[in-house]
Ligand code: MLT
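Encoded as structure tokens, the following chain is the form predicted on its own, with no partner shown.
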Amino acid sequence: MQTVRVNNFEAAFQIRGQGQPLLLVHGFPLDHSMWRFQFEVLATQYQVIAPDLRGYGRSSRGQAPLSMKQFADDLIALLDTLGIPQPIIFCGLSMGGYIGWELVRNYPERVSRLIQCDTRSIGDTDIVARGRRQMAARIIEQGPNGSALAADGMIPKLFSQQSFDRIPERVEQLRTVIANTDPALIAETQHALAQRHDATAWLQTMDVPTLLLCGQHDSISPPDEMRAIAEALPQASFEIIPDVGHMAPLEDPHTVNDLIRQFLSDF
């Protein structure tokens, strides 16, 4: 891992390879390690950057209020600091996808292609937002044990039953990442997620080649919902990953990597 100071926080990241820049943005409440099966493979063809978002992994929190737009601003600042002014390939999962919508909307000249994994375009309903705020309150009430509470609540929703049976070690590794995350940060991010923009109205203006990937058994961002996103985008293709849930890049990295490389080879 390397670190640089951007936007008044220490941004940690991995970077490897040469060629067109490919930015891998993790979901909530994870870190860059969720892309470990993509990083090495894709770095043979692209300059791959896998950062820890503000406050996550080895990146410091800084002072700016959290929002999907702030995360997007931070990523642009990181690219500028690394001397990468050219358009990038953006790849995000779940919350990383929400950040991707903000990046394309606010910095369209900086994105050449978009890969959105297991994500949504709609904002939270009032009921979902209320649930996030209640969960944030429970995490804070638990103190140091709050992150373990978050892990116990999230893990069953992140993987398919097939993955629980086939790759239990990856499930446990992800549980550890969540349990080791600052509970105050998890709670704060829940509030930011509840307040994120509904990107659905932006989709028809996002004229960038896009690949959408979704796990067959993803209950958080269901295939039908992601298919509708693909239909709303001017240039999009949609692929379902069989037998996996919300963490497709971890659950079936071979298929995900092949689809990403095929998508990028078409341009």
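The model shown is predicted, which means the values in this text are computed figures rather than measured ones. The first residue of the sequence shown is number 1, and the count goes up from there.
In what follows, reference is made to the form predicted together with D-malate (MLT), a form of this protein that is not presented.
Chemist: Contact between I167 and D-malate (MLT) in the model of the complex at 4.5 Å, heavy atoms?
Modeler: No.
Chemist: Contact with D-malate (MLT) in the model of the complex for L193, defined as at least one heavy atom pair within 4.5 Å: yes or no?
Modeler: Yes, L193 sits close enough to D-malate (MLT) in the model of the complex that at least one of its heavy atoms falls within 4.5 Å.
Chemist: Decide whether R132 counts as a contact residue for D-malate (MLT) in the model of the complex under a heavy atom distance cut-off of 4.5 Å.
Modeler: Yes, R132 is a contact residue.
Chemist: In the model of the complex, does A43 come within 4.5 Å of D-malate (MLT), counting heavy atoms only?
Modeler: Heavy-atom contact with D-malate (MLT) at 4.5 Å: absent for A43.
Chemist: Within 4.5 Å, heavy atoms only, which of S121, T181, S160, S94 is in contact with D-malate (MLT) in the model of the complex?
Modeler: Only one option qualifies, and that one is S94.
Chemist: State the residue from L185, A148, M154, A77 whose non-hydrogen atoms include one within 4.5 Å of D-malate (MLT) in the model of the complex.
Modeler: Comparing distances to D-malate (MLT) in the model of the complex, the residue within 4.5 Å is M154.
Chemist: For the chain seen here without its partner, which of 197-205, 58-66, 27-35, 227-235 has a heavy atom within 4.5 Å of D-malate (MLT) in the model of the complex?
Modeler: Of the options, only 27-35 has residues within 4.5 Å of the partner.
Chemist: Every residue in Y98, I220 and H246 with a non-hydrogen atom within 4.5 Å of D-malate (MLT) in the model of the complex?
Modeler: Affirmative, all three are within 4.5 Å.
Chemist: Pick out the residues of 36-54 whose heavy atoms come within 4.5 Å of D-malate (MLT) in the model of the complex.
Modeler: Residues within 4.5 Å: none in this stretch.
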